[in-house]
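A single chain comes next, written as structure tokens; it is the form predicted on its own.
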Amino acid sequence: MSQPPSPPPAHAFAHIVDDDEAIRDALGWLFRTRNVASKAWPSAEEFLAAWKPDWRGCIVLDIRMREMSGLECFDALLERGNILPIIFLTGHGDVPMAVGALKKGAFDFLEKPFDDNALVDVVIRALESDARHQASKETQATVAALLTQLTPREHEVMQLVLAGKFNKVIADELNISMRTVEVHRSRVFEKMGVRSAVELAQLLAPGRDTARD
């Protein structure tokens, strides 16, 4: 049997965007029973007015609302560069629209009436997905900061180390002594906080494009 999803980070919220007060209240109660923090918004307009790019969590978005629709809100969020996973709540006739939204990057959709536990499970997976994305961004930012500490020569040596070249080959290519290569290599490992070329490669694998040209 598969393990249940782990609890979401305490600072992440499931944002409920629905113009039906009864549904907002019901979903808020449902999420509390599974220790999922949530915030409710009565319209897409109010949510968009408050939205900030550094929010963490996910968005549970009703596809049909009286004023701005969920799809219109989705498009507006895409234009703003939103990265929070979006889960659509749909009626039977809205499934084709929801499928179209999936192709544009929505996380998932559930058709009404939906199973409560199924919805919460999808929300928790969305929160976990956002947490992984945020952790990856933070790692890349850390790596980029570490790379700025390298001198141009250390950067050259690092690239050749990553290419799997031995110290003697690096020395020949850069026209420096093997001892100098060893010193640069040691300083690269120290500054990047690694102990081997393998660890260095693993550290840089998610964000090689952060290296200097």
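In this text, the rigid core denotes the largest set of C-alpha atoms whose superposition between the two forms falls within 1.5 Å. From a predicted model like this one, the values you see are computed outputs, not experimental measurements. Just count from 1 along the sequence shown to find any residue number.
We do not show the form predicted in complex with the DNA, though everything after this point is about it.
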{"property": "The DNA contact at K168 in the model of the complex, heavy atom, 4.5 Å", "result": "yes"}
{"property": "Interface membership of N175, the DNA in the model of the complex, 4.5 Å heavy atom rule", "result": "yes"}
{"property": "Proximity of R179 to the DNA in the model of the complex, heavy atoms at 4.5 Å", "result": "yes"}
{"property": "Any non-hydrogen atom of P152 within 4.5 angstroms of the DNA in the model of the complex", "result": "yes"}
{"property": "Sole residue of A145, A26, A163, V183 within 4.5 Å of the DNA in the model of the complex, by heavy atom", "result": "V183"}
{"property": "Interface stretch in the model of the complex with the DNA - options 43 to 51, 152 to 160, 28 to 36, 58 to 66, non-hydrogen atom within 4.5 Å", "result": "152 to 160"}
{"property": "Large Cα move at R34 between this form and the one not shown, threshold 2 Å, rigid core", "result": "no"}
{"property": "Core-aligned CA displacement of E67 at least 2 Å between this form and the one not shown", "result": "no"}
